[in-house]
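You are given structure tokens for the same protein chain in two forms, set apart as structure 1 and structure 2.
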Structure 1
Amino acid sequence: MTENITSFVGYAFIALGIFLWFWGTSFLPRKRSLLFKLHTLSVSDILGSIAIIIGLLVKLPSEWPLLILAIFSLAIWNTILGYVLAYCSSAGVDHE
């Protein structure tokens, strides 16, 4: 019985992650600024990827060190990429 519940929870997190991937992509054709599109896409992709990894963590608890490392790597990568995009998008501003 508990195996069915954990399997369902794992698949639910994986489905949520895939939904977030497609949801973030759905904003690309809209008439918004490029930075809004990039922000929406990066946040939804990161949250979707973390949800998928949590789903894998529920289904494969023996692999928790690698999956936790993957979650931290995604969070750090998203933060650094956000700073780089913000820095690059401020063209013409004096960076000191």
Structure 2
Amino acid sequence: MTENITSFVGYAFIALGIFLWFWGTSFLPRKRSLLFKLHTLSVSDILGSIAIIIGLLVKLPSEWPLLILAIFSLAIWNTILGYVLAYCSSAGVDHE
């Protein structure tokens, strides 16, 4: 019984993550500014991916150290990559 519940919770988190992936990525082919796409991609690629990994964590608690490391590195790398992309792409436009 508890196995069923944890399995369901895990799949629910994964489904939430995949939904966020689709929502955030669906803005990518539209004609919007780069920074707007960065906002939506941070929803999909950071928050959606974290939700998916939490779902995996519920399904497979024995591997928690590496999954926690995955969440940390995912959050830090993707956030800082967003900042670097925003900084580098706007640096050519205005010099301050």
Partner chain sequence: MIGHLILRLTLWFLLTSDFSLANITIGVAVALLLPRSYTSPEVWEDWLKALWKVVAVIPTAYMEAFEMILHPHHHEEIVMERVHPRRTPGLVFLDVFLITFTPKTIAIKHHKYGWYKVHRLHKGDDSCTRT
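Between two forms, the rigid core is defined as the largest C-alpha subset superposing within 1.5 Å. Given the structure is predicted, the values throughout are model-derived calculations rather than measurements. Here, a residue number simply tells you its place in the sequence of structure 1, counted from 1.
Comparing the two isolated chains, structure 1 is the one taken from the form predicted on its own; structure 2 is not. Comparing the forms between the two structures, the C-alpha position of P65 differs by less than 2 angstroms, with the core used for superposition. The Cα position of P29 changes by 4.0 Å between the two structures once both are aligned on the rigid core.
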